[in-house]
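Given as structure tokens, the chain that follows is alone and in the form predicted on its own.
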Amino acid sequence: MTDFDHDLFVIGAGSGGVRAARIAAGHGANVAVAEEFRVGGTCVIRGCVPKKLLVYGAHFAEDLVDARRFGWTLEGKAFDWATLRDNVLAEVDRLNGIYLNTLENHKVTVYPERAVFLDPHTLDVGGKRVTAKHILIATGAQPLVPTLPGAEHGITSNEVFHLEALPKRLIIAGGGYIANEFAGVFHELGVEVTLINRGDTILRGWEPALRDRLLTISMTKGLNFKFNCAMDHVEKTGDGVRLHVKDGDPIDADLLLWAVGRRPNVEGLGLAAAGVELDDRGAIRVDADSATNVPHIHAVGDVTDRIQLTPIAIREGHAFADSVFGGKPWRVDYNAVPSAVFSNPPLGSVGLTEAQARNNLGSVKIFTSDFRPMRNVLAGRNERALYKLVVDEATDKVVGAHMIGPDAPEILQAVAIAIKAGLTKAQFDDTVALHPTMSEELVLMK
């Protein structure tokens, strides 16, 4: 076959798929996209964007309390969940429209249908046969629901943005970033939150000093944690759910939220018909150029389970389009990728943890600053921030930065530039502090 309907067909219109489609079209390719849900993907529609807006809304709970110490008297304050929910969903609708306009303005054909492989070059798109010279799989991932009896009585992050009313009692199963973020949000909105984790810690893989600090602060605020807690089954009750655990009493709540991980969206795509291989984690296997074992079929984003972050998916999609259609080949660099947890308070991290640095580099130096932010002091809030720098002793390069405290992700983004550039601790020290700020602690550690 030499004639195709499209030069590029993208399956999935999330952040990675939309970027790839737009860039490829800009290079002159005839591009089509299939999206069976809504253009924008997990991040825009039911992930990081609406979640962050809920985080903003929840922060007012503490801000309004602290305002009294700053001279503000507030009468009759009240919270209405429906107002926040509907405004967040309206913003999601607006962004969905922007993403659609972006594709249309670049003359990308949009199929609001599911696409399934019939053979390596042919797709069934809503009952229509469509062929393409190149195909990009960018179907993302979905929340994982455990296989235990009654699991269907819980909800996932897909549904949490659409709650009719706030629960009085909420069980969150999981210990990762999604679990801790929603735990912080709902606790601030007045919900009694219990976080259940089958392991013995939260935020596995993060710098231990940060996750220990978040756990301490969260418990002080009144969140409940149950570790090493193996779940057995879920029972539907008259007013909610009852989670039965092994070696413990059952836990009653109005709502159960599963936040136990995410899995790549590969089911029902017809990958076998295309000959596309999966890895041992059930993700699409790709090389450094995002190519699968079938040379003209590529995959980017969470469906490859490399690093499940929206900016990574965007870069992978961009690199693919430039390389295949623009004659400008380049690859994504996965070193020193910054990440954040928008918990209360938030965390930010980039580069190596102390343990990773000691294992990989040998001799390292550790610098920390443990302080109470100025705002917390006047507010009478006994909540401390913690910053940590990891330095390679042989080169004096700062190879890791980790922080927990107000605006930590905002500050961390700038620090990530310095670490990516390979700056030394001496260069940090040579930078004049911007006073009074929290971020000045980064250049004052001795």
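We number the residues from 1 along the sequence you see. A quick note: this is a predicted structure, and the numbers were derived from the prediction, not measured.
What follows is about the form predicted together with a small molecule, which we do not show.
Remark: all three candidate residues (K51, A179 and L309) come within 4.5 Å of the small molecule in the predicted complex, counting heavy atoms only. Of the candidate stretches 257-265, 109-117, 348-356, 213-221, only 257-265 has residues with heavy atoms within 4.5 Å of the small molecule in the predicted complex. Contact with the small molecule in the predicted complex, judged by any heavy atom within 4.5 Å, is made by just one of M231, A283, V286, V185: M231.
Checking T292, N197, N344, T122 against the small molecule in the predicted complex, a heavy atom within 4.5 Å turns up for just one residue: N197. With a 4.5 Å cutoff on heavy atoms, G175 counts as touching the small molecule in the predicted complex. At a distance threshold of 4.5 angstroms between non-hydrogen atoms, A340 is in contact with the small molecule in the predicted complex. At the 4.5 Å threshold, heavy atoms of R204 reach the small molecule in the predicted complex.
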